[in-house]
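Form predicted alone, single chain, as structure tokens, below.
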Amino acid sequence: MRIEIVEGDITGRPVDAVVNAANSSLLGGGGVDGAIHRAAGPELLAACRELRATTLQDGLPVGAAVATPGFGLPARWVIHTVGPNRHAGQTNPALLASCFTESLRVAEGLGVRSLAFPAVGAGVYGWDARQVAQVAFDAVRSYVARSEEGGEQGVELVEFVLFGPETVADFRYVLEGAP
């Protein structure tokens, strides 16, 4: 499995699935969530409303993940996950790690080979980008190691598609190590 860091817009990535840093309502919001909803089109909101009306009546829990079609996106799938909000006292890194591992689990179930993550939890949810990067890389590597031990052929490419040079620099620092 390859891990790559890309600066840019996650909504235009030519991957099998993109991960949406959603809120628990799944009904859109700001940042990455709003961008994905706008790019995917109104069908995404309709699919999320259907999830809320059926299997997720109380919303998507923090650290969980669920998939919908990608609709107007180049990606076939959107995997929605809810990061922990540090401002609301959700400071356990295990909750953040769960966002990445549960998204990978859902992706494997869909047969996804390439997956793009945003910096889940960074930004308005108050997590430091370097901490998000460390938790994310550790979670992805651990998940892949467990999958390979079980003989499973899963996701081959994980992109971290990040907004802004500062976040890119923080993720590269963690991935490549300090100079």
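Please read all numbers here as calculations on a predicted model, not as lab measurements. Throughout, we count residues from 1 along the sequence that is shown.
Beyond the structure shown, there is the form predicted together with a small molecule, which is absent from this document and is the topic of what follows.
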*How about Asp9: is it within 4.5 Å of the small molecule in the model of the complex, going by heavy atoms?*
yes
*asked:* If we define contact as a non-hydrogen atom of the residue within 4.5 angstroms of the partner, is Gly31 a contact of the small molecule in the model of the complex?
replied: yes
*Should Ala21 be counted as a contact of the small molecule in the model of the complex, where contact means heavy atoms within 4.5 Å?*
yes
*asked:* Test of understanding: in the model of the complex, would Leu56 fall inside 4.5 Å of the small molecule by heavy atoms?
replied: no
*42-50, 115-123, 57-65, 136-144: which one contacts the small molecule in the model of the complex at 4.5 Å, heavy atom to heavy atom?*
115-123
